[in-house]
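Just one chain follows, in the form predicted on its own, and it is written as structure tokens.
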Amino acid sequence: MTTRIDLDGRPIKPMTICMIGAGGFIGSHLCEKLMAETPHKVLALDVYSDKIKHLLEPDSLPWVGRIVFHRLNIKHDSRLEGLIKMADLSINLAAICTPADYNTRPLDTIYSNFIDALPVVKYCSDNNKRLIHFSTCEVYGKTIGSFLPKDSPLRKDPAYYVLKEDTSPCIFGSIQKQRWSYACAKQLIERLIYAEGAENGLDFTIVRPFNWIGPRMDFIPGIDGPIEGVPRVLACFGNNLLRREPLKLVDGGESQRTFVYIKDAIEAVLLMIENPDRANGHIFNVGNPNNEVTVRQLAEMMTKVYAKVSGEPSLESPTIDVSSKEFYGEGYDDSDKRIPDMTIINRQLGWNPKTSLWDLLESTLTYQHRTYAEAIKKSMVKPIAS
């Protein structure tokens, strides 16, 4: 493997990375990238290894010995500090991050995203180890524009809805709206990390993902996840399409979102890993403002993409409207728009996303359709009667 060069033309030294949550959606893609394209070693920490099993077996893989899986739960494992000490860099991906849980499991959500992350930050700070911490675009909450009158021309002014890491406020709903338990916990751990940097010299980078999409994201209930589970919007819609059920639009599907392809986003993370001088002390939005749609438009596009991928005709009534109370329960609230400003990541790392919304949906739905077909073949699920 040829020597890798950073953005300033300097050779990149091989490093050891302690990746917490390596077995999840983002972790599995990041591990793949690190094994295939870099000389770095990974200490992969997680409770599950299903999504990275292909990287761990067999012994004939070209990166054998460069990725070692440690099955542990960071809540209560004395090995955590030792593994962080062994590494040059820790990446914390561990979190409860499914909207259906914010209302129904607010205590678990707060503990997972704040309390359980505290030791990771402390061990990195105490041992002078660099930390890349994964936060969320949810920390922004609602836009300023959402509080303007519906007919206000200011709603069209980007200053009122484009989200900037260093200037946009974080606006959440009332305490009774438990949906904000996740965003609030994530914001507080960001503030703690920032304070560790300011007071104790912690080298940190904070990542705010804006809807990263691709193969292995979330789960298909009853196939590669719990039957009763409710994944995030794209996996929810994918599940409906696979089962030939109407896509449920919460409160009419009027919320707006941007989506970025996981492989584009992982390129950004690798730049952060290998360019510490440019990444340390920064918070980075990682999203694709060009892939903005309402949730209703997303449902319409996914219906078309799935028809192409599967060869099955679309349902006559492909969507139905449901209330947020019916879908998520009491205490749900939502952000209106999430458009990331890309100035800082572009200036510091020269990163821009490339993949269109259609292409990333095609990649994701092709994977989900294949996974579903394989599950039917293994008699894991019953095929839908035509």
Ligand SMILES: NC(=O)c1ccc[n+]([C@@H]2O[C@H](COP(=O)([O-])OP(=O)(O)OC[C@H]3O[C@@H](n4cnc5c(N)ncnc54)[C@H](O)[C@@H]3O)[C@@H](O)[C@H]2O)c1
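So that there is no doubt, residue numbering starts at 1 and follows the sequence shown. No experiment lies behind these values; they were computed from the predicted model shown.
Although not depicted, the form predicted together with the named molecule is the subject of the following passage.
Across the proposed site, Y48, C97 and S135 without exception bring a heavy atom within 4.5 Å of the named molecule in the predicted bound form. In summary, the region of this chain contacting the named molecule in the predicted bound form, judged by heavy atoms within 4.5 Å and restricted to 277-285, 181-189, 164-172, 149-157, corresponds to 181-189.
Taking the partner from elsewhere, N211 is found to have a heavy atom lying within 4.5 Å of the named molecule in the predicted bound form.
Shown alone here, R244 lies farther than 4.5 Å from the named molecule in the predicted bound form, counting heavy atoms only. In the predicted bound form, the named molecule sits within 4.5 Å of a heavy atom of F25.
Under a 4.5 angstroms non-hydrogen atom cutoff, the named molecule in the predicted bound form lacks K122 among its neighbouring residues.
Checking I74, A87, M302, I193 for any heavy atom within 4.5 Å of the named molecule in the predicted bound form turns up a single hit: I74.
When the named molecule is considered in the predicted bound form, only one residue from M217, A268, I206, I110 comes within 4.5 Å through any heavy atom, namely M217. Taking a 4.5 Å heavy atom cutoff to the named molecule in the predicted bound form, none of the residues in 148-180 make contact.
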